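Given next, in structure tokens, is a single chain: the form predicted alone.
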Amino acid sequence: MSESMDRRRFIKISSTFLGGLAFTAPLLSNSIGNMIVPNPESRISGLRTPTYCEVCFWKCAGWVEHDESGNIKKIIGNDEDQHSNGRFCPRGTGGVGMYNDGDRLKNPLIRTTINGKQEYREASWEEALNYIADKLKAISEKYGPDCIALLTHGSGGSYFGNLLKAIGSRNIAAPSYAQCRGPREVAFIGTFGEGIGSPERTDIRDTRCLVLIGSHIGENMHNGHVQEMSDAIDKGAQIITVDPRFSTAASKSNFWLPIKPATDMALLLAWIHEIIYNEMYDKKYVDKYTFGFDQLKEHVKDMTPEWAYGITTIKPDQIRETARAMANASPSVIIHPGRHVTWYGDDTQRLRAVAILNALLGSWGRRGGFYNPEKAYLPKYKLPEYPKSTRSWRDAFPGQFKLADLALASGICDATIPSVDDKCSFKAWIVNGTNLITTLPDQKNTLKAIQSLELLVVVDTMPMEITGYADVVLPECTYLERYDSIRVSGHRNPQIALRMPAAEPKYNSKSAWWMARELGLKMGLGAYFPFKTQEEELDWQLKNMDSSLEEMKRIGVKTFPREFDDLYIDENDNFEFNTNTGKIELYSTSFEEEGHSPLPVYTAHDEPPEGFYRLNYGRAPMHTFGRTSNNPNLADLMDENSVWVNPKVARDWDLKNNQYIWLENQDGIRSSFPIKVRVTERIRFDSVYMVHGFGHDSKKLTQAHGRGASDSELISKVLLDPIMGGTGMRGNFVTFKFKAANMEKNT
């Protein structure tokens, strides 16, 4: 092992740290030195408390119900909530398992070396925060504050983000952008001048035709959309699913198109051809609102269904029939933009084709298409001006990714590895609520970046793989034990939701709000943290928006009237889009200005080598990424994944149902753990499929360790999107092995 790799060895968190209750006594008092802790009077009252879920990004609002002793009993939906309509999904109802999980992180940990061996030792909060504050100040003074980065997922990002900006760094990124939805947002902004947002602004409940092209609604469990899709089906809406796998959504569809992987662009362009050349587009809408129709028409002239058939394996008559189904439903039609869209490296252009197809059918801003969401305005306390930031992750990529409107987590990772000019080499990461070992592709590259750091702070509720590389581990309490920012995500009507503690924090865990504030105070940045408690801050905000913390504790969710009657475009108005031309840009002038093709172009992608199959991965309705596989409630529903294999392939390899095998990718990386075979006609012969989020190698995740295989560890080939820097992860191929890698070496 090299000297740099010796510097930060992976440390297995001892059961001592997971089972001990050291340093918990101060929780019963009101302060530890100058550190504020929740007042006992803030404990729950009554038999239910309001919350919004953090098991996934949908943030459904609900109620935590308690028994007569005040113990958490269950979580149910809030009837007033637009996200959940009063109904929680399996993940949401299983959220209690996060609170009760015995494997939770319990105390702050600091990396130390004893007799030449790196270990963790328990620390008090005072010591852990002093250690971090001193390190951050030293790094800021030596290299500049811009060399500190935050990588985050979840509500804690806003609090640590405030800390980072107060220090003088704007290098704040979430993997949910470059590893998930970024190409979609850039594509739709380049077409309509607006992104899709979260929850997605799709008007599924009133649609007459829903096209799912690689979007696994139901398995990905977007709660509100699953409910709306069910209602739409009951009202006779047609569903078209494009997927190499017969997914749950496909089973509810009128049309299933089992497309050859990596050829989606060809199908989209053929649909565009059909709709234009058979004059099935919304002529009035296109004439009034779009720019570049003639260029688009010429561009797709030869992209016929016959042309696409030779690429996609979808028959021409199926392409024509599904194009007619969309046109017949226009404008109440949705070609769904998906969410996890980082596939093949040309993803922004693929999503441009999706946006163009929606525009031709007149669905943007129309009932049954895409509505205009509205957010409630949340007052912000006036803070001192943040210090100017002079360097960013972009310095490591001069002239690239200019259309990316958010920082790239993968870009920060790459910019952490020292380069020749060393202009933007990050020295410290704060990692909040995201297991970068599995969320960033190319684990070898991530580990190389981690070894280059002088400080790695990990904030999490669980001992995930990333915690084993930290210098300091800070145990966060679960969402059921804390206040958080008011939820203001956009929807059909402006709405706010409150999350408040349903129980005191277990063990010695704390909220991210508290951690960020205490670090700020220790670094002399108290002016950026003016409130002593989060209750005080929330009450100030709510009273400035015609509510109060007292009211929100009673009702949980509050809905406000829309400021304007603009849920849909009024066709009598001369609506102007936020693009260079003021129109929907079928021909993107912003893309052209940056040297990218203004129209989407089909590019052929690599085929699997002999004996290999394209690795497709997806979600399960009872789990969120790899965050919930150790949740005891949800692990009972699904405790391991399986690999879907077509019967023809199974015969060739003599594979049987429920047989355990190992997967090995094109770069010789073999899964650490075996995975169970599922032989099924529901997957194409050139592909395999597995659910993401399993195969954890942290032994302290007692429910999840070694259960199934990790798709993340097999994704070593990254197809970089040249427009916004998204990391395409579906260019990897796997073959089957019947022994573990170490067994093979020993024989």
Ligand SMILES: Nc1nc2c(c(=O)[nH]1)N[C@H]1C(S)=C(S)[C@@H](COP(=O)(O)OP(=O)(O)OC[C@H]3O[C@@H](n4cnc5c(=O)[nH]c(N)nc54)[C@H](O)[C@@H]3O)O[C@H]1N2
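Please read these numbers as outputs of a predicted model, since none were measured by experiment. Numbering starts at 1 and runs along the sequence shown.
The same protein has a further form, the form predicted together with the named molecule, not shown here; the description that follows concerns it.
The chain is drawn here without the named molecule; in the model of the complex, the stretch among 142-150, 185-193, 390-398, 212-220 whose residues come within 4.5 Å of it by any heavy atom is 212-220. Interface residue among I412, I314, L456, A262, judged by heavy atoms within 4.5 Å of the named molecule in the model of the complex: A262. Screening F625, Y289, W662, Y602 for any heavy atom within 4.5 Å of the named molecule in the model of the complex leaves a single hit, F625.
The named molecule is not shown here, but in the model of the complex it comes within 4.5 Å of a heavy atom of H340. Contact annotation for S712: at least one heavy atom lies within 4.5 Å of the named molecule in the model of the complex. Among heavy atoms of Y689, some come within 4.5 Å of the named molecule in the model of the complex.
At the 4.5 Å threshold, heavy atoms of G468 stay clear of the named molecule in the model of the complex, well away from it. Using a 4.5 Å cut-off on any heavy atom, the residues of 431-458 that reach the named molecule in the model of the complex are, in sequence order, N432, G433, T434, N435, T438, T439.
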